[in-house]
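Next up is one chain by itself, shown in structure tokens, the form predicted alone.
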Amino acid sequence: MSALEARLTIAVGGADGFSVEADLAHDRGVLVLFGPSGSGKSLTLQALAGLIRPQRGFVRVGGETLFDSDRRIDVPTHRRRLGYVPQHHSLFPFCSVARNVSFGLPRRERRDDHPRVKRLLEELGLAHLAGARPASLSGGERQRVALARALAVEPRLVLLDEPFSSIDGEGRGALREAVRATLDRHGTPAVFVTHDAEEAIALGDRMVRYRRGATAETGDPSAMLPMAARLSLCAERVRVVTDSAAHDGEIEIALDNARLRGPATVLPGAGAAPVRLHLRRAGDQKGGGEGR
């Protein structure tokens, strides 16, 4: 039984607006919706969640039809049993962490000490923050709370709409690992929206690429994305050192405890010979320097 089957036409903004043609199929793990901003990824996610109504098509989750325009089926959002993590956490500011998570439970079960709430807080490293308010949390902690709230309903499918976009630096990588580990632990399939190639490769089992408001191709993220996007450099410490002997306009970047990770075909013989990196500043079309 497929976790998700959907074929949708979504139109917004009237006759002169924007339309999306989406064709999705997913069995297990994480399905990535990948493409530039404005290509229709988030609209697709909202249609799956029941937040907007497609013009035509169908949505089936776990074999159950949640939407079918021909059969006039449109299950309300609160009855779809889907977890939804928006780009911005949307937590209740005057409720504690535990109360925010318990809000996803049926009304009669909403209590801060519910076993499911306590277990999710422990899994996501939030147990010590159960009584805290969202304003006192970091961005990564808030998104962990949002994920816990989504999982509290024991969803058949989790929908994640660029949940790391507001997180910087090491917190982004840690949150990404926590999300993947939690989904794997619960065995919950997910649909994840991103325009970040590194995120798509790190989290995705399958990927759908969007182009101009339509799903264009499907496959393995690491095979579909350019090789340049498949390399990640991980360093515990980075030191920028001015070298007086270097040529004018050059600096040396020393990487302590660094690892270069990527496909074996991209790094042939890396263990036996030096690897040269061409570094480029964001937005620059030419190489901005080299590392060895």
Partner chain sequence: MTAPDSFPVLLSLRVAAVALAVVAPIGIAVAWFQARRDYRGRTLVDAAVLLPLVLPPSVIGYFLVLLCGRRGPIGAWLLEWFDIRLIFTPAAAVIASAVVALPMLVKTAQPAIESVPADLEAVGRSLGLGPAAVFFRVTLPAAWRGVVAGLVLGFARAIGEFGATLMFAGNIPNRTNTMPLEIFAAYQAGDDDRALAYVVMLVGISCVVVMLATRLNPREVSA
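No experiment lies behind these values; they were computed from the predicted model shown. Residue numbers count along the first chain shown, from 1.
The same protein has a further form, the form predicted together with its partner chain, not shown here; the description that follows concerns it.
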Is there a heavy atom of G213 no more than 4.5 Å from a heavy atom of its partner chain in the model of the complex?
no
4.5 angstroms heavy atom contact with its partner chain in the model of the complex for L126:
no
Contact flag, P221 vs its partner chain in the model of the complex, heavy atom cut 4.5 Å:
no
I'd like to know whether P93 contacts its partner chain in the model of the complex, with contact meaning heavy atoms within 4.5 angstroms.
yes
Segment that reaches its partner chain in the model of the complex - one of 184-192, 117-125, 70-78, 204-212, heavy atoms within 4.5 Å
70-78
Note: exactly one of G62, G57, G50, G29 sits with a heavy atom within 4.5 Å of its partner chain in the model of the complex, namely G50
Non-hydrogen atom within 4.5 Å of its partner chain in the model of the complex for each of L82, G104 and V153:
yes
What residues in 101-140 sit within 4.5 Å of its partner chain in the model of the complex, counting heavy atoms only?
F103, G104, R110, P134, A135
